[in-house]
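This document starts with one chain, in the form predicted on its own, laid out as structure tokens.
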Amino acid sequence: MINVPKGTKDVLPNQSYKWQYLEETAREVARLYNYKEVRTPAFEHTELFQRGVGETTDVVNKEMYTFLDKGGRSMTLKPEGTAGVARLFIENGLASSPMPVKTFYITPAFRYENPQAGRLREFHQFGIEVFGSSSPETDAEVIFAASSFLNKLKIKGVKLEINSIGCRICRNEYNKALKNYFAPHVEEMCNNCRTRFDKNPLRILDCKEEKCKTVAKNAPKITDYLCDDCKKHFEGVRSLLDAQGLEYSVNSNIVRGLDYYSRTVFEFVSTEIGAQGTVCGGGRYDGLLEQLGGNSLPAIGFAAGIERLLLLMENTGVPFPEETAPLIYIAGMDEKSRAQAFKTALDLRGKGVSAEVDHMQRSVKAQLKYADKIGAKFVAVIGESELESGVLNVKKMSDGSCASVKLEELYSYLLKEDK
């Protein structure tokens, strides 16, 4: 037998309604905030992620699925959503659109890493990206959109943590301070962080190795090195969150795992899904478009992992809507009545009513058992007498009550009773 690849997961029929619920909620939030959907390819030119995500990141160094296509071109399955949307923005000339350009996506992504709770090699994200605005109001709106999404899912116990990692100017000074701090401890750090020390010491703060976390515990705080503009911007974001009563804490160690971030970064964190506690994270990336060959425009976004959210909801007992079931099951007693049941079901479906009939040549008794198992709200049996009279005996499964309904009035009866 051929098994599912390690780090991937099948979604079964009795689970897919949960995914649909999350995706429908994501689309509803996007509608409320006026974000328009974009879709990017599952694979892109490898250079996009090398330049966009950053060569010092674990994603690029260790986790990308990269291959040569038949033309000898290096391609990579997308490990995250932002770089592809930024490429879409540049390539399709969206810089000439009215600003800001507000987009969202629901997409699979791929990273080769050790599978664990809430972290797979193929995973799915709901993300939003906003291009063209540098205002603190945009940062705050993006954070509120993420908060609205989690609230609509009725997820509790998630904490918002924010930080500012400044711009290129103030981050240069901060990197010097970090190098001075980490220099005496280089030999105590992991091999990756030894490389980061020379190339991008900020990345050391994001390391998950315990020995590196211990060394970084007393590192200088980026908020002490912000330039006046970045400090004013961060204060503006915080004042907007404060004004609306959105609780948060400032975590100076949040730098996010990708190199394109600048200024505001944030995470919604839970302790209910093990060590991988971030269920939603994002921030500003004002230099990314220019880095990818586009115009210099500000941008900000977030991504939420759908698998992690599902795990969190299941672990904390968050209720899901009931799985959808057919409104009516129509059973047939013989060949002629089965044909009528089939026709009636098609007629109802054509009018927007979910209806089911037998496909397994079951007895009427077995059909009724099946109707109960799949949760049909109503059941009608068609036999010889029903064919002659044109009147069906319709049973309401919730209370066992029955009603005689003319075949041509079945649709209006179901609409009236299904309340």
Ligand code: HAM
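Computed from a prediction, not measured in an experiment: that's the story for all the values here. Residue numbers here begin at 1 and follow the sequence given.
Although it is not shown, the form predicted in complex with this ligand is what the next lines describe.
Participant: From the candidate stretches 324-332, 150-158, 77-85, 211-219, select the single one in contact with this ligand in the predicted bound form, where contact means a heavy atom within 4.5 Å.
Facilitator: Contact criterion met by 77-85 only.
Participant: Is there a non-hydrogen atom of A303 within 4.5 angstroms of a non-hydrogen atom of this ligand in the predicted bound form?
Facilitator: Yes, A303 lies within 4.5 Å of this ligand in the predicted bound form.
Participant: According to a 4.5 angstroms non-hydrogen atom cut-off, is D229 in contact with this ligand in the predicted bound form?
Facilitator: No, D229 is distant from the partner.
Participant: With heavy atoms only and a cut-off of 4.5 Å, decide whether T278 touches this ligand in the predicted bound form.
Facilitator: Result yes; T278 sits at the interface with this ligand in the predicted bound form.
Participant: Is there a heavy atom of Y105 lying 4.5 Å or less from a heavy atom of this ligand in the predicted bound form?
Facilitator: Residue-level check for Y105: yes, a contact with this ligand.
Participant: Since exactly one of G132, G166, G118, P136 fits, which has a heavy atom within 4.5 Å of this ligand in the predicted bound form?
Facilitator: For this set of options, the contacting one is G118.
Participant: Sort through H233, R196, R171, R256 and report the residue having a heavy atom within 4.5 Å of this ligand in the predicted bound form.
Facilitator: That would be R256.
Participant: Select from 282-302 the residues with a non-hydrogen atom within 4.5 Å of this ligand in the predicted bound form and write them out in sequence order.
Facilitator: If the 4.5 Å heavy-atom criterion is applied to this ligand in the predicted bound form, 282-302 yields G282, G283, Y285, G301, F302.
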